[in-house]
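Just one chain is shown here, as structure tokens, and it is the form predicted on its own.
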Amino acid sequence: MRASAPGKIFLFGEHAVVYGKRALVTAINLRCFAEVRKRYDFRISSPLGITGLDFEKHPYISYAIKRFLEVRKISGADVQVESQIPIASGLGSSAAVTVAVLKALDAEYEANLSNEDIYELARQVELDVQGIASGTDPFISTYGGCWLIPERKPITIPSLEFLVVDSGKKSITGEMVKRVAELKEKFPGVVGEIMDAIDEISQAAIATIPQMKLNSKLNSKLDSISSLMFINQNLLRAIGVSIPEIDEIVDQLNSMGVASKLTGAGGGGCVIGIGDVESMKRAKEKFKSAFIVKPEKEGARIEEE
């Protein structure tokens, strides 16, 4: 059976969500695909290579299989993975591959898992690999759509387009989450206040984004989102998860009229931006690594064969 799951972008709230604060996150129209066939032992094939169960080269896939074995005892599986989502980019590739593999395993071996079952297994995989996590990425990959987290409140957003610019540096989620946790332990009051401020930004954004229209020049709603992105980016910079390459991209996009911030764990990965049609077009032409994504309503699904 062949399954897929979408990637995601954090519009607002990354890192703060690890500490129970609010985040606004949407699935995007880039997917990871996993095909599972019955086999006498375990074989994993991906752009990273071909292995058996390998918790170093294929940690998320291997732990997904391990967690699936808790609900259905199988002797083996042939797992083939391909993805439209850049690896270590802050776009949820790890969660998407985990959820897609679990969805395909469930279908191939008729385990009758619900979406909530798949999400819970994927959340455990995230903890297995990273040690600390909010569960946001596997939730979005499982269910699709745009959500206010941790309330799981669905947010209706218009058919917006987001510019994504890859910084060229890999983002290692576990390392960045650990770094912020260490900073928070060292300066609990200071970092706690920053997390509270990010929480307020997410709350302010949900009153604005559903009303946005980007078929005209800069309007008041876009102006509000621009301001919120600017503040959020600088707060992320304050807790040490931005890097010079990201700062430079953000500064250039802002100067072109495209509101922008890093998305995901930081330390590398991608910058997201939003602006009026002409500004977005100019920015896409300027950055060779830029591409456009749109919100995705559908979560994990079985693909027609």
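In this text, all values refer to a predicted model and were calculated from it rather than measured experimentally. Residue indices: 1-based, along the sequence shown.
Although it is not shown, the form predicted in complex with (R)-mevalonate (MEV) is what the next lines describe.
Residues with any non-hydrogen atom within 4.5 angstroms of (R)-mevalonate (MEV) in the predicted bound form fall in just one of 129 to 137, 162 to 170, 72 to 80, 98 to 106: 129 to 137. Taking the partner from the other structure, (R)-mevalonate (MEV) in the predicted bound form has no heavy atom within 4.5 Å of any heavy atom of I85. Contact between H15 and (R)-mevalonate (MEV) in the predicted bound form is found at the 4.5 Å heavy atom cutoff. Taking the partner from the other structure, (R)-mevalonate (MEV) in the predicted bound form has no heavy atom within 4.5 Å of any heavy atom of I44. Using a 4.5 angstroms threshold between heavy atoms, G264 counts as touching (R)-mevalonate (MEV) in the predicted bound form.
Taking I201, I209, L121, V177 one by one, only a single residue has any non-hydrogen atom within 4.5 Å of (R)-mevalonate (MEV) in the predicted bound form, and it is V177.
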